[in-house]
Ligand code: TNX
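There is one chain below, alone, in structure tokens, taken in the form predicted alone.
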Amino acid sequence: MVLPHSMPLVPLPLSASVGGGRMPVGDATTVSGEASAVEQLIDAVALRAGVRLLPTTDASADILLRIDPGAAALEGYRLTVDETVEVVGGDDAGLFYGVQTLLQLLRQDDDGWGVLRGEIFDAPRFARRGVMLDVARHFFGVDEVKKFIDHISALKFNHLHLHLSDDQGWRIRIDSWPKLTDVASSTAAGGAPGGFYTKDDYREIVAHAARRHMIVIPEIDLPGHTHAIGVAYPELVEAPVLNDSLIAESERLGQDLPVAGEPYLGWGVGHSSVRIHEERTYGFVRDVVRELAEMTPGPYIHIGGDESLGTPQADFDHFVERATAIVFEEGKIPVAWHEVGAAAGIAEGTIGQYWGKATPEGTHAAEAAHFVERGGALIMSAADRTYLDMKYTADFPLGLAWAALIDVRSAYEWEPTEVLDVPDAAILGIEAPLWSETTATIGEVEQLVFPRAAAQAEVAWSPREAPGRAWESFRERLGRLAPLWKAGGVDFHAADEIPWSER
């Protein structure tokens, strides 16, 4: 038996044994089984290798893709490669992930294309494995988001958090409040073009994600990060609070300060707040949550709650208590950034998202723990480990550095259950956010996301104590993903610490 880390796989599987040689793959190779998995495999192999597998209904096909709930856990799979290939998923998602592993095993050598022989049994460590894409500060179109979904789902991520509103723009059509997109969607950070998703656009993204077993979590950031709402509906938002930090940062970056009722193109935070004591504000929140819930089949609505520096604490607490209750009343589970845990009466069962550092500062740990005390749970997004918008190095042209400089090794070497003093069972999993202040194109997003998303994928999926679950093994296996990303047109950053493979 050869250990799992001998195989060129990311994330590391639960267990694996490696056989000798490869099973050849060519234009005469047949594939049979679950229709959606067969279609995805055929398309992926054609893109990767220029080989078109032959679909068949014959159960003795060269590659058989099937589901057997007794064969593996939820999202788990068993993959066997000998003279033929069989991928058996414990459910639809497990089969999909087994196919992603099969694609990583597909390699080219001097004899052509083939799949490495062996047997893999696999299942995830955490049920919640997510990535966030900020489409508010810079907007990315439907096809760009779908491409992003394709490549993060291949790493076995199963949640996509879409940050749909911020000070710089509103990105989702809300029929009951049409000015949000008619007026407040046309600009982005730095004066870049804006944009928004129609309801059909959004449904297309959600459906595409579902075909890749990803749940979409829409976020409307409240009560701060709401300047764009005030551009559309001035009566809902307070005048900007120009704190010293905002003024200094705006001067350093050469950016204008926010002005009530005018689009804001800068990066500063903490200056905006909805009007907490206006009842119309809560009618707005309910309308937005209701319309989002109607077109979001997943169980979650994210209500933000971060960096509300312009909102007095008592007002903030009152708002988030009402907002979390509204989400439950509209049939969804609220998710909120960890600051919301400062409010004593947040709705029971609200999920918290911790974005403090791996060594907590200030009140962050207590705020996060309060979600657990209220019957909820936590998603770990330690900013100095998971934030994909941080620079790799001080001179990297994209990204910010306020949380840390995060090279690939720093992104890999952290443990989600050791950050906070809460039971391990309270940690649902992790999420790696990409904030888009500095990324005006999807290619720039990819430079920051890949390869560090692969590090987060292994943290979320692979057993903590598994042989090979260590940096030296990971960097070797990560380097073998380069041909897959190149074939898929991913503009990844070829970090110096990784030995990248040519094929």
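Small disclaimer: the values here were computed from a predicted structure and weren't measured. For every residue, the number given is its place in the sequence shown, counted from 1.
The discussion below concerns the form predicted in complex with the ligand, not included here.
Comparing 100 to 108, 121 to 129, 305 to 313, 203 to 211 against the ligand in the predicted complex, the single stretch with non-hydrogen atoms within 4.5 angstroms of it is 305 to 313. Residue 400 is the only one of 247, 325, 400, 260 with a heavy atom lying within 4.5 Å of the ligand in the predicted complex.
Checked against the ligand in the predicted complex, the residues 174, 351, 215, 269 give one hit for a heavy atom within 4.5 Å, which is 269. The shortest heavy atom separation between residue 435 and the ligand in the predicted complex is within 4.5 Å. Among heavy atoms of residue 355, some come within 4.5 Å of the ligand in the predicted complex. Contact check for residue 406: every heavy atom lies farther than 4.5 Å from the ligand in the predicted complex. Although the partner is absent here, residue 431 sits far enough away that none of its heavy atoms falls within 4.5 Å of the ligand in the predicted complex. Contacts between stretch 224 to 261 and the ligand, counted in the predicted complex as any heavy atom lying within 4.5 Å, involve 225 alone.
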